[in-house]
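Here you get one chain, nothing else, as structure tokens; it is the form predicted on its own.
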Amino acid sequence: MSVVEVEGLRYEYPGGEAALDDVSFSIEEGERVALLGPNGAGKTTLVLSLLGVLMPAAGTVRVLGETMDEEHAFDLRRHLGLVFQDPNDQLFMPTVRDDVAFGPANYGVSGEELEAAVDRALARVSATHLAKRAPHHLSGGERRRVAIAGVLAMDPAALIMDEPSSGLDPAGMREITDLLLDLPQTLVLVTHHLDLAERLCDRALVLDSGRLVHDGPLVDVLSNGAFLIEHRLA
């Protein structure tokens, strides 16, 4: 099943300049896809379009076969779990447990069902022992794991990870990488770090100036020095 289908997507800034132009691709269940491109290529705009935060000027986004539009964005967004580049943008409740519970509670999950979802998510990222801690007292790696737990509590079909290694030391980066390798969800990795993409993904989508310039094996990107230089990836 396609988790995400994008067809002819165009997004325009006020004034008509295209941030995305005729972007089409699909991501199947279980795939691990790196979303690559230089600064200003349109990666963030594409992610926000997938989530229904931005609505296209043309084209279609479908999540699990349902069209992403203003009427259905709230319901469909829960299937695509975005983990922000900076966990501090995602963690704002008094305790870790409260933070992990926030998402499912916002969708009406309560009582024992909510408690079970939080317990599963914390266990999945080896953070059960952090449940009563204040998020701002955690290390960078711990905050990253808690942010991932908050998304996993929603039981999403896919994780969208925005620069998951940002701010981590080498040990923390290894821990998060190993965690992501062990998760069953479809993964969309937004990153500038080609070594991280190589470890986590086997397919690449490359954006440049709002257009999709590569959709295929990641190894084809990594082995093509001229392509890397042309599209400012190296």
Partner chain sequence: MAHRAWYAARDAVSVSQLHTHTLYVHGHSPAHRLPSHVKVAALLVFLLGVVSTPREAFWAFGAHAAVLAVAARTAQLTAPFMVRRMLVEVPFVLFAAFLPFLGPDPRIEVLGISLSQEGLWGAWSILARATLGTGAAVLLAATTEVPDILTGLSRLRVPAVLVAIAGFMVRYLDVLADELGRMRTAAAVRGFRQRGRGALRALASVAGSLFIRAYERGERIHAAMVVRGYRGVMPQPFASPAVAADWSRGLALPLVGVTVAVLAVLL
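The structure displayed is predicted, hence computed values, not measured ones. Positions refer to the first chain, counted from 1.
Only in words, not in the display: the form predicted in complex with the partner chain, which the text now covers.
Contact with the partner chain in the model of the complex holds for none of 165, 189 and 197, as no heavy atom of theirs lies within 4.5 Å.
Here the chain stands alone, but in the model of the complex its contact with the partner chain, taken as any heavy atom within 4.5 Å, falls in 51-59 among 51-59, 26-34, 170-178, 197-205.
Out of the listed residues 125, 158, 130, 151, 151 is the one that sits within 4.5 Å of the partner chain in the model of the complex by at least one heavy atom. Among residues of the shown chain, residue 120 is not one whose heavy atoms approach the partner chain to within 4.5 Å in the model of the complex. Residue contact with the partner chain in the model of the complex: residue 106 places a heavy atom within 4.5 Å of it. With a 4.5 Å cutoff on heavy atoms, residue 99 counts as touching the partner chain in the model of the complex.
Though the partner is left out of this view, residue 72 does not reach within 4.5 Å of the partner chain in the model of the complex, counting heavy atoms only.
Along 167-204, no residue reaches a heavy atom to within 4.5 Å of the partner chain in the model of the complex.
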